[in-house]
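In structure tokens, one chain follows: the form predicted on its own.
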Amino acid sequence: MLKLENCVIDNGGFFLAADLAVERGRIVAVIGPSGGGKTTLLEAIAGFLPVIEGAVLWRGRDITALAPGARPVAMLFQDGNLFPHLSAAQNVGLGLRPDLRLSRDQWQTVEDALARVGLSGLGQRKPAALSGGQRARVALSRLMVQHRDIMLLDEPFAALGPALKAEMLVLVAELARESGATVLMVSHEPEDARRIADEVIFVDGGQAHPPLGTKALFASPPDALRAYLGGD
């Protein structure tokens, strides 16, 4: 279980409060208005922002003071963070070793990961020679090979068209179920949550609310969420 116990997160003077728990293996959408603190929540879990009060725990272990690289967390950002001078395979390989000094077995792991997301045979292409959807799959492959218990996605598919975005979300759900990873996914689109999320964390006005079941939440949203959804 991932727990944020009475946490206060400092993002350059913006403070987010979070007191919540996410069961292991759940896919959780993080939704709410812009500026409400969605990315702040993920970056605190990843270790990129300080938790000035409370504690972050994973399976009972306090990870609040751990550096990002020492946490059981992999994060995928909105732009995918692909290096244009590296091939698709090399970009994925960075998830295994930043110096890319990979063994034969590790390179095979890279090829297997690319094949799993439908990019078999495209490992030598540079990002510029790939479509937007293919670049998103490369970034997702790099997340996969890290084999972390917690996957954090900060709107990585926001630039994709609706059909391709839906396809990528389904792929994320499949990979998460296969690996048993716990997923927190920021989105501005309620439909994203409806498509793959078991639960939803609503973040607004500096408060991250505990997760609630997706169907139940949208069937009877609290007033703050109803105001955010508007006519949805």
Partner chain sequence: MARRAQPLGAGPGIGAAACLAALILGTLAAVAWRAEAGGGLTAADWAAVRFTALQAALSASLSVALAIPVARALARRRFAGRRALIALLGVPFILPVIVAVLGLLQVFGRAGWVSEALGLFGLPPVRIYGLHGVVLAHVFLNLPLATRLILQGWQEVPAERFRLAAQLGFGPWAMLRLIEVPMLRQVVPGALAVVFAICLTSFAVALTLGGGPRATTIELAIYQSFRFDFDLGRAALLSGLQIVLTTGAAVVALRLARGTGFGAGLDRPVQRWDGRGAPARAGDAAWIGGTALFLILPLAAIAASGLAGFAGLPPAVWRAAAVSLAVAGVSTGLLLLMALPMAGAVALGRYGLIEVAGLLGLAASPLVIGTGLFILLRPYTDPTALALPVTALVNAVMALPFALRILVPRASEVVERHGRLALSLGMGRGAFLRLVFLPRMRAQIGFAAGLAMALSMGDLGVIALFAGAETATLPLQVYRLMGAYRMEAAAGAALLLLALSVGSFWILDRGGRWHAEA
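Residue numbers count along the first chain shown, from 1. A quick note: this is a predicted structure, and the numbers were derived from the prediction, not measured.
The form predicted together with its partner chain exists for this protein as well; it is not shown, and the discussion that follows is about that form.
Within this chain, Gly60 is remote from the site of its partner chain in the predicted complex, having no heavy atom within 4.5 Å. Using a 4.5 Å cutoff between non-hydrogen atoms, Lys126 counts as a contact of its partner chain in the predicted complex. Though the partner is left out of this view, Ala115 does not reach within 4.5 Å of its partner chain in the predicted complex, counting heavy atoms only. Shown alone here, Asp10 lies within 4.5 Å of its partner chain in the predicted complex, counting heavy atoms only. Screening 23-31, 66-74, 187-195, 200-208 for residues having heavy atoms within 4.5 Å of its partner chain in the predicted complex returns a single hit, 66-74. Only one of Leu94, Leu122, Ile150, Leu160 lies close to its partner chain in the predicted complex, with a heavy atom inside 4.5 Å, and it is Leu94. With contact defined as any non-hydrogen atom lying within 4.5 angstroms of its partner chain in the predicted complex, the contacting residues in 35-50 are Glu43, Phe48, Leu49, Pro50, given in sequence order.
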